[in-house]
Structures are given as structure tokens and as C-alpha cells.
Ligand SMILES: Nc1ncnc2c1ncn2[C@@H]1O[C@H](COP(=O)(O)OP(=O)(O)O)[C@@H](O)[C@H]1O
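We begin with a single chain expressed as C-alpha cells, specifically the form predicted on its own.
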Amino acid sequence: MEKFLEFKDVSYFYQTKESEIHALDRLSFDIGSCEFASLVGPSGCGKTTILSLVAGLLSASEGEILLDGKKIEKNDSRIGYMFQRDQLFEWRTIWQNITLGLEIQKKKKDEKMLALCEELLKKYDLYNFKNKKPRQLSGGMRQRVALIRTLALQPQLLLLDEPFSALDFQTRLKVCDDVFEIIKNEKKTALLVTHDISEALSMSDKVIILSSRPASVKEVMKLNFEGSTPLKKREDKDFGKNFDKIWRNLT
């Protein structure tokens, strides 16, 4: 598979009042085009720091990060970021929330991009709610709106920072299926940060296991579970064995 996102010997240091902290140590991994990958590792190992580096919010102290063979720039339009909470504005309608990015980028009159927003709403069963306010939607629907808002700007890579952590378990399982389906249908590359091993396994083509800080790659697990959805993949006979393997790596 062709490499799309590449980390090449990336290290990151940051300063505190007392000392210099070594957060990442010669981190190397890659993600292929349209591949779904997850980062798992001990708490505080630097997973969100990695997302911030990919998003261009931080700069690597050493090494190189490439997206489709090119260096990542600050506010890189090729990258979309989905946060832990949906970050919907309660005073705006669903349509106004979804087109917020277009508004900020002064593309609110771009007919092709507006047509894409409508198409995504229809495709993922939200069109009838376009004039509703976020508080009128379920938690799962809100997450779909947040993802569509990100997709409206047509990013090539999606960064998912524990986007399901605020949901109850039952809703979380359903939303994982929904988000997975949308990302695969839209042929996007995705990098998920999660503390949930089962979530990482069920959604991913590969899981990148990190060491404790300073984080380095302990192992990259390539997965090939039976089942077309995350929920179905959890039923695969090898799911438990892979869960145990990651668990042992993290303890």
C-alpha cells in the first residue's frame, strides 16, 4: 500500500519551568492511503501530541512528517480534526454548524461545496434535521454532524481525538459503526487516538502501539478481522487474542 502519512524518526521536546521534557523519541510509522489506523499507548505517552504534530499545531524537534510526500504546513487544508466533544454551537442550526468551516474560509457561496454539504446530509440521514438545533439531536447524531462538518472542507486525512469518549457504551458502539461507514464510504485516511483497545481493534486496519514517555513505536499490528463493521469485527475468533496482545504491550 502506498504511504500517505509518514513519521520519519520524529522526536519532540517541550519546556516546563523546571526542565525539558522528552515526549517523543525517534518515532517512525506510516499509514497508507484510505487506511484507518489507531494509536494506543499508556496514559501521558504523547498520543495527542502526535495528532497536534500532524495537524501542524506543533513542530517536530527532530525528524520529518510527510503527508502525500509533502511537508505539513500550519492550518493545512488537507487535514481535518475531530475532537473529543462535538463542539457544535447550540445557537446555530445543524446546517449553520456544518457550513461553519466554509463561512470561516469565505467559501459560503461556493455552490459545489454547499452541494457537497447537502449530499452528505442526505446520504447519512440528517437532511430532515438541517434546521434543528444541536440540543434536539441524540449524541450519535451530533457526532455524525461533527464529522460531516469536517468532511465539508474535503480533507484528505482525518484526525480523531477520542471522539466517542463522551458517549455511553451502547451509543458508542453504534456511533463507531456510523463513523467507520462514513470514513470508508468517503475514502478518507484516518488516524484515531483512543484509550479503548476494543475500539482501536474494531475500527482499524492497523494499530500502532506506543511505549511510555518518551514514546516510541513498540509494535505495529496489521489486522484482518472478518466482518464489515466494527461491531461485527468484535465477533471475530481472533479478536480476544489480539486484545490480550495489546494489553500485555501496555502493561
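Just count from 1 along the sequence shown to find any residue number. Here, rigid core means the biggest group of C-alpha atoms that superpose within 1.5 Å across both forms. None of these values were measured; they are calculated from a predicted model.
Not pictured, yet referred to below: the form predicted together with the named molecule.
Though the named molecule is not shown, can you say which of Gly63, Pro42, Gly56, Gly32 has a heavy atom within 4.5 Å of it in the predicted complex? The residue from Gly63, Pro42, Gly56, Gly32 that makes the contact is Pro42.
Verify the contact flag for Thr189: yes if a non-hydrogen atom of it lies within 4.5 Å of a non-hydrogen atom of the named molecule in the predicted complex, no if not. Heavy-atom contact with the named molecule at 4.5 Å: absent for Thr189.
Please determine whether Ala23 contacts the named molecule in the predicted complex, using a 4.5 Å cut-off between heavy atoms. The answer is yes: Ala23 has a heavy atom within 4.5 Å of the named molecule.
Please run the contact check for Ser216 against the named molecule in the predicted complex: heavy atoms, 4.5 angstroms, yes or no? No.
Do Thr48 and the named molecule come within 4.5 Å of each other in the predicted complex, heavy atoms counted? Close contact exists here: in the predicted complex, Thr48 approaches the named molecule to within 4.5 Å, heavy atoms only.
Sort through 48-56, 63-71, 196-204, 218-226 and report the only stretch with a non-hydrogen atom within 4.5 Å of the named molecule in the predicted complex. In short, 48-56.
Does Glu20 show a Cα shift reaching 2 Å between the shown form and the other one after rigid-core superposition? Glu20 C-alpha, core-superposed: shift of 2 Å or more.
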